[in-house]
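Quick setup: one chain, the form predicted alone, written in structure tokens, and binding and motion questions come after.
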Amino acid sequence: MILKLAWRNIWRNKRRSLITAASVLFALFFALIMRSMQLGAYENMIRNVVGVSTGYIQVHAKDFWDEKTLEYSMERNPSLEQKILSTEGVADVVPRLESFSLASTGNATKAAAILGIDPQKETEYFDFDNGLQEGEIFAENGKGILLSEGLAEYFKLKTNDTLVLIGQGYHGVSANGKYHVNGVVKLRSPELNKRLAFLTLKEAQFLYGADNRITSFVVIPERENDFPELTESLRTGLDTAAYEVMNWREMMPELVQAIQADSAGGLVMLFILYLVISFGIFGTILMMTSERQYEYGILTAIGMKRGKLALTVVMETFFLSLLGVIGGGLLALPLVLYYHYNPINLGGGEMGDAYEEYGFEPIIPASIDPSIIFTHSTIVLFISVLLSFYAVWKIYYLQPVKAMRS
């Protein structure tokens, strides 16, 4: 009965009700678009990091992360690999061997990062083949080299051209080799796209004289968001005197700080937006309460309990806000989906240059995380119900005779 009465009451003054619902609708619409763009940019940054760069979680030898040399590499121990795989929440492990070399062809020379990989697993878990511009991904025992797009452009190399690597391997051995270019890969991270080259894991071990050695195991979680708990589980199960377990937040603290600082600015803007929503809703409640003093006085005088009357007013405000929330979500959804699959490209401008300077792809895709709509819709509804208690307060302190005279 109360729900039915509340629903009918909001349509007694259609213009006022539609204005209130529209204010909620547009405020939520802008909040969803702004937050989706912001969180989408963060998700893209994290994808740049967890793919070719660090992965969500790494297991490496003690002190490797600080020194980053092959002297702190570790033997690829099957028992260690099995122990990681047996940890609850681990889907798989991806071995890598990471080092550096001087790359040269003709008169051009440049320092390059060399990553020895298992091409099958990299393709399975990190969509390695999606960035292939020309050529092909080498087989597990392939002898060629894959170049990042920027490195290939610097050397003006194409498929089947030759590149020479000169460097130092494990225990100071000479690490020299000549490789034909198997293909060119475009990486999401602009910084890595300028300097990274790939060999198969076996070929990299041969080049650097690091037989059966790797620098890290990249751990693939069954659920990506569970990486903090999984990190602790791995630390508990492994020998921390010999091995170090780190997640991407610990390996990239500057990225975490950048996201937190930027997110704080976004939250300030959301606070201002919610403040605008609050004033709009409160203005409607104030006007509605003032206009309906006579009605409240009559209903109280004929015996309607103040609690039921107050609940009816709360439900009216809730219904108005719910209409605005549903409308705002439906209005924002097509735009969010469009910009998720067609990200805003910042390339060529100052903002794009700033993104590339920090090693991130200069695009802003919208996030389609359903928790964004749920969170902000809940906040708007909570604000509405909270503000409706002004009308509740007026009803409980209402003097029926005075209200009817006014």
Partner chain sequence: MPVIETHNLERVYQDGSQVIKAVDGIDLQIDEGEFTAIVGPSGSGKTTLLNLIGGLDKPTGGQVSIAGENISDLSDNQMINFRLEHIGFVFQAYNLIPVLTAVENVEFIMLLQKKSKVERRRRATQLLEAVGLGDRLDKKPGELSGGQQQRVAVARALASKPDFVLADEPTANLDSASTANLLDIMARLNREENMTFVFATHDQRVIDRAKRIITVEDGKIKSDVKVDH
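Residue numbers count along the first chain shown, from 1. Small disclaimer: the values here were computed from a predicted structure and weren't measured. Whichever C-alpha set is largest while still superposing within 1.5 Å between the two forms counts as the rigid core.
Another form exists, predicted together with the partner chain; not displayed. Remarks below refer to it.
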Would residue 14 show up as a contact with the partner chain in the model of the complex if we use heavy atoms at 4.5 Å?
-> no
Any non-hydrogen atom of residue 298 within 4.5 angstroms of the partner chain in the model of the complex | yes
Consider residue 271 of the chain shown here, and say whether it contacts the partner chain in the model of the complex, taking contact as heavy atoms within 4.5 Å.
-> no
So in the model of the complex, does any heavy atom of residue 279 sit within 4.5 Å of the partner chain?
-> no
Scan 305, 156, 223, 178 and let me know which has any heavy atom within 4.5 Å of the partner chain in the model of the complex.
-> 305
So which of 88-96, 306-314, 129-137, 226-234 is the stretch with heavy atoms within 4.5 Å of the partner chain in the model of the complex?
-> 306-314
For residue 299, state whether the C-alpha moves by 2 Å or more between this form and the one not shown after rigid core superposition.
-> yes
Does residue 310 count as moved between this form and the one not shown, where moved means a C-alpha shift of 2 angstroms or more after fitting the rigid core?
-> yes
